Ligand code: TYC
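What follows is one chain in structure tokens, specifically the form predicted on its own.
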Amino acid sequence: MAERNIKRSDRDGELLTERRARLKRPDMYMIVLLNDDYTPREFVVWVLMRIFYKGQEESTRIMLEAHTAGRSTVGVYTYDVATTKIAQVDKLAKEYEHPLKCILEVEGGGEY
């Protein structure tokens, strides 16, 4: 949290210093979908639509990008939202016995 000083005068003309805290934006995290050779494409698209609220077309594009490039960015979220969504993906993948995997990366940085 950064602070900045604001100077103003009181009724007697004395100089007062007031400190105002500047709020820092939260760090953002990318959720990256990893390709595997076993999870059905239809399941991946369904998960993207159900957990990330992506449309059919965008979900298909993300799935195909992961399939051809090995990975695809699903979205950028705050840490709490990102970890919750990854946990939801893991839960559905286990429930349906698929090895689907998403990872968390600091936006502009490496894997977290």
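Residue numbers here begin at 1 and follow the sequence given. It should be emphasised that the depicted structure is a prediction, and the values quoted were computed from it without experimental measurement.
As for the form predicted in complex with the named molecule, it is not shown, yet the points below apply to it.
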> Taking V44, M63 and A66 as a possible spot, do all three reach the named molecule in the predicted complex with a heavy atom inside 4.5 Å?
Replying inline: yes
> Which of 66-74, 81-89, 49-57, 23-31 has heavy atoms within 4.5 Å of the named molecule in the predicted complex?
Replying inline: 66-74
> Who in 69-104 is close to the named molecule in the predicted complex, meaning a heavy atom within 4.5 Å?
Replying inline: L100
